[in-house]
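Let's start with one chain on its own, the form predicted on its own, as structure tokens.
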């Protein structure tokens, strides 16, 4: 079997982590099996579908590196195909027009609920042998309904949930086309999966109730249903279903917040799938390890702290050159001129071990690109007392003659501390303040390397005059 999977979002809102997981798993399954991965945009809801939502979906997938073999394919561009199939179904008796008005349908449902019955269409317009149908009302455009099988059950072996059986008595005749002729979701999905030879449907378990209807339609059209894998819901950190209403962030929000795509992908992979105790792994490892048997059956819970921790791991291990390239847009947004001052790659390399996000790296980088600080007498007296100035003068002399590297500058500090009988904070704090007007910086010997010997000596000399 040549594996073909698909991600089929509706562009009716922004795409959050739970949605993206439904793209990641079919992508990984296709890649693991050297199959095809297809993006299908289910945009038949004309009132709610937007181009912006489509753009966010495509951009988000590209950012994560979820490459496509086919698509995006838009359902609205396949309307003629759906109408062709509906006509065939009408001609062969698989579907029929239903003229029941929406008001009559609502009245029927109210009566059924009052009688504590399951609300469902009663088959009034379903043609049967020997049955006389009502007179066709004037001026009413009918819906088209699928003639669902009577009796028996729909059974499938779900790759996540196991064997599922739904009685056909639970299913009424599904509307497959609206009065204006627009095809409905469950019908379009079947035609698309059939035409595109989809072998595996990996999607959220909110679609489980749709599956028996889709299987019945597919079998009626002569197709073989794909293998279904329904993923448990992703819950937010409060235990509610992840959604925009419940505060879920869009993929664009994570991008703007300074998260790396590798960290997001790693995190998403673990939201319902595992490979032993592996927590941090590459995209290539994930594809190699991924299979449907390892998908979890319980709801996965979003953990923002875990995601932030993962992002930190990826920032720590990132190549400084590529990390600097990813950080530059954030730095430029903060008004930092990365081309004027220390080498930005060196700055990023110095800051990355402490940072959780690219924004934190950019904020830390500000120190190195601000003008040299100026001080009034009160500030100098408070932060750089006269008693420390002899040690500072010795330090300036030793730095000037030292090799411009971390070890040499560290040795210079040790020599001054020993000569003047000082503890490291007593010397390092005034040095930090002289360089940046703050006592909070990374390791001071590394800071001197990045700032540069000439600039460091210039700033230190100003406070010992």
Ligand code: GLU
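Bear in mind that the values here come from a model prediction, so they are computed numbers and not experimental data. Residue numbers count along the first chain shown, from 1.
Keep in mind the form predicted in complex with this ligand is missing from the figure; the text below concerns it.
Novice: Check each of 369, 96, 309, 185 and return the one that places a heavy atom within 4.5 angstroms of this ligand in the predicted complex.
Specialist: Result of the distance check: 185.
Novice: Which residue among 144, 336, 189, 264 has a heavy atom within 4.5 angstroms of this ligand in the predicted complex?
Specialist: By the 4.5 Å heavy-atom cutoff, the listed residue in contact is 189.
Novice: Just one stretch in 203 to 211, 282 to 290, 382 to 390, 297 to 305 has heavy atoms within 4.5 Å of this ligand in the predicted complex, so which one is it?
Specialist: Contact criterion met by 203 to 211 only.
Novice: At 4.5 Å between heavy atoms, is residue 446 in contact with this ligand in the predicted complex?
Specialist: No, residue 446 is distant from the partner.
Novice: Check residue 8 for me: does it contact this ligand in the predicted complex (non-hydrogen atoms, 4.5 angstroms)?
Specialist: Close contact exists here: in the predicted complex, residue 8 approaches this ligand to within 4.5 Å, heavy atoms only.
Novice: Does at least one non-hydrogen atom of residue 36 fall within 4.5 angstroms of this ligand in the predicted complex?
Specialist: Close contact is absent here: in the predicted complex, residue 36 is far from this ligand, nothing within 4.5 Å, heavy atoms only.
Novice: Would you classify residue 45 as touching this ligand in the predicted complex, given a 4.5 Å non-hydrogen atom cut-off?
Specialist: Although this ligand is absent here, residue 45 would stay clear of it in the predicted complex, with no heavy atoms inside 4.5 Å.
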